[in-house]
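Just one chain is shown here, as structure tokens, and it is the form predicted on its own.
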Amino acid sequence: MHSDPEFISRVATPLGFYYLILCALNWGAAALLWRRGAKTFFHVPLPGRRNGNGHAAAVAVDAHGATNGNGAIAITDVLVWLAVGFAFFILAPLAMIGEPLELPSAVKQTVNELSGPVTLALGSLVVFAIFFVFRRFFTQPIVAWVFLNLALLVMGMSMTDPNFTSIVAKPDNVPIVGLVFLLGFFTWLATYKAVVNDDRIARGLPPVEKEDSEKVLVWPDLVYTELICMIALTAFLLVWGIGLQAPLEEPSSSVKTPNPSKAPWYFLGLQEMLVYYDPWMAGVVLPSVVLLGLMAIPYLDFNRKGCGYYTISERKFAYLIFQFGFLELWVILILLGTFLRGPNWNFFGPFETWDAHKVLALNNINLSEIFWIKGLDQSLPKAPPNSSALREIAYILVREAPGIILVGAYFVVLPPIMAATIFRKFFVKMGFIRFMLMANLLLLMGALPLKMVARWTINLKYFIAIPEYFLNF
């Protein structure tokens, strides 16, 4: 018996069609395997075989990376995906009659407990490292297809929970869910192409892009492709507009604001940063530094490899920094703000009810308070009444000396240490000015996750707090 039969009856039919779509996807994959006569969804040029014109010949690649020279049909793989599709086909009528497959309550509770910001941030970092180290395994098409099926199955099972559905099925959150899957696909596709090129380069062969460099989309092929995409996208948007109501709320009023009040998804990262930094820092300084840093990259970069083709082995440093900055410091912030931030901007698990009366006893304190009050057991240094401006500034500097010393050491002392140790090769090739600029950009980028973890763990508000002059960091 389901916990909420009325809710299940509302989602039964859409969930049934959802499983039918998954069934069609897997049966389509099986048909594609049968038609191509190989154990992969791609027909890619790999090293080791060349045709008469000197170009790499297309060979069949099995699910584990081995070639199948004669392109024989893998009956086992076809049957596996036919069986998976049939399993989804069975789940469809069960969902439609009100008996969908659900996640156990223990799993939901565990997910809620693990959905805290620290666990999510550090866990995503561990997952990122695992995917990078074992990228050759995870980029195999068969592995990616298995992970996609598991993700879609868990998604369907989670839709039977009213709290999860109320978040994911909101009209303005539906495109974000789609963007998450699209982001995963394109990240996988780019990594897949990079792995193929790295394997070719390791064998002394040119990248795939170089062999296709003579093929340029021009009239009429390019226009045909763009026209077909435009028609398909227009039809898709029409169906979307008919199926989902526009997320319009009542007219704005100064006496009644939404709780939570969220920015559009593309600004949710900035809104989440405002929790940890002052508006001038999170809304002006950090975005400006990001733009200036992106513009400075061509002048800082000394590695000329990897231009015009996908690769990771030849540009590991650039790949790791960009993926960390985009996935960890931007996408994760958007996901936090979209799915986990609820009323009063508190954190809620994906299966937890958004209770507007939830109150968390948080006492955010500055580093100066930790040092003077908790560490030395004395009050904060404060200028006597009627002191001069210079004397007040002197007392402020003494009060904030721990934070000033810490931040100064972070931005001034760390770059020389980096140049003398793990980044020595970069310092030699880049020179003093370019290296110092790159090092400070990296340290400024790292200041965001450090501040976030400090807020989540020890309730640190600011390293440097000078509200008298609107200077907080």
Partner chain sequence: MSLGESIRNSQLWKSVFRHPMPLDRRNRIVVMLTNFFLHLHPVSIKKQGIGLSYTWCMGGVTFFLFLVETVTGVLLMFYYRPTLEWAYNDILALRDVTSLGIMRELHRWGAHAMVITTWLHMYRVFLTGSYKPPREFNWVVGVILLLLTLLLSFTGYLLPWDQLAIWAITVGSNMARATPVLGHEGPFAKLLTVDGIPMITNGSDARFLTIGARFVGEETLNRFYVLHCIGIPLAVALLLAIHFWRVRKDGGISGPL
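By rigid core we mean the largest C-alpha set that fits within 1.5 Å across both forms. Numbering follows the first chain given and starts at 1. In this text the structure is predicted, and so the values were computed from the model without any measurement.
The protein also exists as the form predicted together with its partner chain; that form is not presented, and the subsequent description refers to it.
*Asks:* Closest heavy atom of Phe134 to its partner chain in the predicted complex, within 4.5 Å or not?
*Replies:* Residue-level check for Phe134: no, no contact with its partner chain.
*Asks:* Given that its partner chain is not shown alongside this chain, does Leu471 nevertheless sit within 4.5 Å of it in the predicted complex, heavy atom to heavy atom?
*Replies:* Judged by the heavy-atom cut-off of 4.5 Å, Leu471 is in contact with its partner chain in the predicted complex.
*Asks:* With the cut-off set at 4.5 Å between non-hydrogen atoms, does Pro384 touch its partner chain in the predicted complex?
*Replies:* Judged by the heavy-atom cut-off of 4.5 Å, Pro384 is well away from its partner chain in the predicted complex.
*Asks:* Might Val216 be said to contact its partner chain in the predicted complex, defining contact as any heavy atom within 4.5 Å?
*Replies:* Within the cut-off, so yes.
*Asks:* So which of Lys193, Arg341, Lys108, Arg200 gets a non-hydrogen atom within 4.5 Å of its partner chain in the predicted complex?
*Replies:* Flagged contact: Lys193.
*Asks:* Sort through Gly98, Pro162, Gly306, Gly116 and report the residue having a heavy atom within 4.5 Å of its partner chain in the predicted complex.
*Replies:* When its partner chain is considered in the predicted complex, the option within 4.5 Å is Gly306.
*Asks:* Since the chain is shown here on its own, which stretch among 137-145, 88-96, 75-83, 325-333 would lie within 4.5 Å of its partner chain in the predicted complex, judged by heavy atoms?
*Replies:* Looking at the other structure, the answer is 325-333.
*Asks:* At a 4.5 angstroms cut-off on non-hydrogen atoms, which residues of 266-284 are near its partner chain in the predicted complex? List them in order.
*Replies:* In sequence order, Tyr266, Phe267, Gln271, Leu274, Pro279, Trp280, Gly283, Val284 come within 4.5 Å of the partner.
*Asks:* On a rigid core superposition, would Met295 pass a 2 Å threshold for CA movement between this form and the one not shown?
*Replies:* Yes, the C-alpha position differs by at least 2 Å between this form and the one not shown.
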